[in-house]
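Read the single chain below, which is given as structure tokens and is the form predicted alone.
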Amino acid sequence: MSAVLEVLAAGILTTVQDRGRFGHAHLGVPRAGALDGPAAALAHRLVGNDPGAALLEVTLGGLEVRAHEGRWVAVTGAPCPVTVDGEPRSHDRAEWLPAGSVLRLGPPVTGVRSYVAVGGGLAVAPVLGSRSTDTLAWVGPPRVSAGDTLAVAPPTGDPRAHETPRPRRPGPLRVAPGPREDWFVAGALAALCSTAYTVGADSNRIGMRLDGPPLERSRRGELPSEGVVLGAVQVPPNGLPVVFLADHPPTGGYPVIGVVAEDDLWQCAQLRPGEEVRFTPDRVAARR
């Protein structure tokens, strides 16, 4: 029988995520998956999980879970206070969670989303091949709430006692020209890359909304709904860019001026409202 985590508190938003739900965009189903992919992958490595296992994505801390069976756990992503029965534990390393003990995550010092991997991975039922929660259409497991019990699969590998993660170097988001760059005045993409924007308060897993100078269109009227990809920078009528993230809709009705490099999107998972965002031309994509 699987082990169980009892959820005592879930904070603002805690969801189950894995690497995402692929191949269903034609049915209108987003990919979902961990917003900060490298942080989720590190958590799984630390506890010896398969890379495709499911874990918890915790927004701004506040998670409390009790283990009904002892397991290795790891907390990565946004650095936050981690305790087991009130005793401090480390971030970015495997820690033993004894049976009956309580793991708590406090508010992160920086960033937004922390990841909690448990040895064996969460054994929630997959939906369309993934255990990820999609917050757009709520496909997959429901959001985690206090009082829930989460099954945990048997361990599949040995934990790593310690791993020093590669330094994460935040910087400007690399952006390649999008399919509707011609809907904007000449130099609009260059303007995007020379302007500082700030993260809007209404940003979420669907998209990072930006505040700043609006981008000017050269064409008026409506654009027929068309497919959009992860990282697409869509510009609604107010001219303020939106960077589509993991739970983005498969189609959109506003022009896409650019596409952010997928390797840079982890930063969008950790940027807080009011923090500055800059873009830079993706030279590699431009040469393809």
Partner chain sequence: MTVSLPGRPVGRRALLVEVDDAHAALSLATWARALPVSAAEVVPAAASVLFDGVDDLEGLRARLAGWSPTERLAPGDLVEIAVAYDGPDLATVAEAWGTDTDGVVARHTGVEYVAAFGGFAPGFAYLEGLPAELAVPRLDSPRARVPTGSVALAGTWCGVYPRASPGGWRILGTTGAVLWDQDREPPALLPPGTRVRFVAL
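Positions refer to the first chain, counted from 1. Note that this is a predicted model, so its numbers are computed, not measured.
Although it is not shown, the form predicted together with the partner chain is what the next lines describe.
Residue heavy atoms within 4.5 Å of the partner chain in the predicted bound form occur in exactly one stretch of 129 to 137, 204 to 212, 189 to 197, 149 to 157, and that stretch is 129 to 137. Shown alone here, Ala25 lies within 4.5 Å of the partner chain in the predicted bound form, counting heavy atoms only. Contact annotation for Glu69: none of its heavy atoms lies within 4.5 Å of the partner chain in the predicted bound form. Taking the partner from elsewhere, Pro250 is found to have a heavy atom lying within 4.5 Å of the partner chain in the predicted bound form. Contact between Pro237 and the partner chain in the predicted bound form is not found at the 4.5 Å heavy atom cutoff.
Shown without its partner, this chain lists Val229, Val242, Leu60, Ala41 as candidates; in the predicted bound form, only Val229 has a non-hydrogen atom within 4.5 angstroms of the partner chain. Proximity to the partner chain in the predicted bound form, defined as a heavy atom within 4.5 Å, holds among Pro179, Pro98, Pro170, Pro81 only for Pro179. Contacts to the partner chain in the predicted bound form (heavy atom within 4.5 Å) from stretch 251 to 279: Thr251, Val259, Ala261, Glu262, Asp263.
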